[in-house]
Structure formats: C-alpha cells, structure tokens
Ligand SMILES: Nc1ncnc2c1ncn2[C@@H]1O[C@H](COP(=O)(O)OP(=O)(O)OP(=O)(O)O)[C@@H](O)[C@H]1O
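Just the one chain here, laid out as structure tokens, in the form predicted alone.
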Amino acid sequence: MFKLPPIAVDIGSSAIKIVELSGGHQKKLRSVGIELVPEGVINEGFISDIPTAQQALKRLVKRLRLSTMRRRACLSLGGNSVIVKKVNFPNKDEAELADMIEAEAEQHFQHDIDDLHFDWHILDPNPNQQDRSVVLIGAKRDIIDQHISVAKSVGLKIAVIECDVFATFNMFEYNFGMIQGLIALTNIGASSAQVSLIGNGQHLYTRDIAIAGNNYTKALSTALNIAPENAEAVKIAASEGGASITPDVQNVIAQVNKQLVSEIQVTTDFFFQSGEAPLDFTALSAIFLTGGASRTIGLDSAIASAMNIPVNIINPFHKIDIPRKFPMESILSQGHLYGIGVGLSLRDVEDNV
C-alpha cells in the first residue's frame, strides 16, 4: 500500500504553516502555504484561543485542497514550552544509561516531571569515552495537548512531535550537509529566536532569545505612533526593499537589530566561557539565519559587522525539487518562513512521537 508522506504543521506565534514533501533521498514539494493568526492567539507555543487556531488551520487546509483522511501530521514546539539541555552522564550501556536519565531527568529540567513529556538522545555514541553527552528534551504536556487538538480538528492523526531547534537542524542538514567547524544556526520567529551552536554536525548548545520579529513591530508602532498592524506592514515593506523607507524607519529597525546582535554575541560568549565548548572550537566560522524575521533589513550585515564572520540567510528549499505549479518567485521571497516546516516534513511517519 502506498504510504502518504506526513503533513508538517508549524503552529507559530504569528501564523500556521504547512509543508508537504514526497520522495526518498530527493524530496519534492507537494504543498506549501501559510495562514496568519491574530496577535495574541499563540505566544511562545501557548495557544490562548484554540478555536481561532483551529479555524485558521481549517482555512489553510481548504485553500491547499489537502485531504487529511488517514493522514498524519508532524508538529513542532518552541520557545518556553520546550526545554533542551545537554548533560554529560557516566559511560554506561544504553539500558543503564536510560535508567540513570529517567532517575535524574527531573532535577535537570527543574520542573515536575509529571508535567512534561521528555525524550533523550545520545550525541556521542563512542563507547570508549569516559562520559557520554546526552541531549534531554522536555515539553509541557498541556501545550502538547493544545497543538494536538488543533491538528486533530482537521482530521489529522499525529505522527511526530518535534522541537523547533531540531526541526531547523534537520532542514539545514538536508540542504547543506555537515559543515566543518563551529556554526550558529539561528531561527528568528515572531516572539522569540533560537541560537543553536553546531560543531562538525553535532548539536552543542541552544539558547532562546526574547528579541524577535514582534520587537520590530512594537518599536515601529511606538516610534511612528501608528497601529501595530500598520507597523507590521511598514516592517515587511522595509525588509522587501520598499522605496518608501524613511530615515526614522531605518533608525528604529537598526536599533532593534543592534539589540538582537548583542544577544547573539552574549549567547556565543557564554558558550565559550562556560566550558561547554570542546577544546578544538575556539571561534564561530559562520552564522546561518532562518525564520520569518531573518530577512529584516540590515540584520545580516549588522551581525557580520559586529562578529566579523560570514552571515547567510538560508533557503530551506535549496535542495528540494520545486514543480512548475509553484511560483518560483514566491518560493524565493518567502522560503525563509518555512525552515521549521521543511525540517518537520523530512521526518518519517514511522519515527517516534
């Protein structure tokens, strides 16, 4: 029986996005789309108005003409709803290690373990080392249930629940392979940004930053004394190279760029000073940007200037076959919005939830 690919549903703070890919090693785009949600409906993964989110997903599914019968969804969580920690454990076989992780998970998460779903992954499978590096991932049960209820409202079953950090990493690895050296993979959304440090293809560290796309909108709204929806339009027009960018707009955006760049620098400085960095990594070699606010005017050049390293904005569809029915101009101009969705759609329906 032909196995239909999963439908990636990225429920973000400002929009719900769908990506559907098919194929084996070479992926082909089947569906892609976005539906905006009103401000305040979703924030840091928490859905305060589930019916509105459900209606938004229903509109998107209808517009894309997707059949959800017997289809499975891949979902992702981010922001404060997810805790990602890298912990070193004594070298044990996997059964003993699993028991140790189960016993110690609560103290590492600093949450009641009954309130979380958690999983773990061994980063370094070398059994000859003294310690083994393990990534612990915990997500709040109530927020997971909210996202599941939105997906189920259109008839989808759940295949995989991922976190934004690793969905973004999956997308990057598929498109660009393993990059030698230490890089920063930075996903800048509406309500938060995540900076993940990747060394020779291995996840080393992640930090959430509370400065993201909404900060530009709020700053423009205040400085120009305009409604938030008008400030959002000004921000988008500026990032798309609109001819009406005034010096006031440029100055406001530049100030928020400076704040975000400072937080990225704080993240990398802390990583090196904390002792988390392996000895063979002494500096970043490049930064890669994705997410809705990644193309904010002047941001890439501000990071490059402050940190003196190359900065690249990722096209999540770089190695994906795009059929002619999809306008290439739209894929190129809006592709950065779908980093998480592409990473989710690379997961298999047989993967663990």
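Numbering starts at 1 and follows the sequence shown. Everything numeric in this text was worked out from a predicted model, so none of it was measured.
Quick note: we don't show the form predicted in complex with the ligand, though the next part is all about it.
Identify, from the list 132, 235, 140, 72, the residue with a heavy atom within 4.5 Å of the ligand in the predicted complex.
Only one listed residue qualifies here, and that residue is 235.
Ok, 239, 196, 146, 221: which has a heavy atom sitting within 4.5 Å of the ligand in the predicted complex?
Of 239, 196, 146, 221, the residue with a heavy atom within 4.5 Å of the ligand in the predicted complex is 239.
Segment assignment from 80-88, 277-285, 176-184, 207-215: heavy atom within 4.5 Å of the ligand in the predicted complex
Of the stretches listed, the one contacting the partner is 207-215.
Taking any heavy atom pair closer than or equal to 4.5 Å as contact, tell me whether residue 12 reaches the ligand in the predicted complex.
Yes.
Does residue 337 make contact with the ligand in the predicted complex, using a 4.5 Å heavy atom cut-off?
Taking the distances in the predicted complex, the answer for residue 337 is yes, it comes within 4.5 Å of the ligand.
Is the gap between residue 293 and the ligand in the predicted complex 4.5 Å or less for some heavy atom pair?
Contact with the ligand, yes.
Is residue 260 close to the ligand in the predicted complex, meaning a heavy atom pair under 4.5 Å apart or at it?
Output for residue 260 is no: heavy atoms all beyond 4.5 Å of the ligand.
Stretch 181-202 - residues with a heavy atom within 4.5 Å of the ligand in the predicted complex
Heavy-atom contacts to the ligand in the predicted complex: 188, 189, 190, 191, 192.
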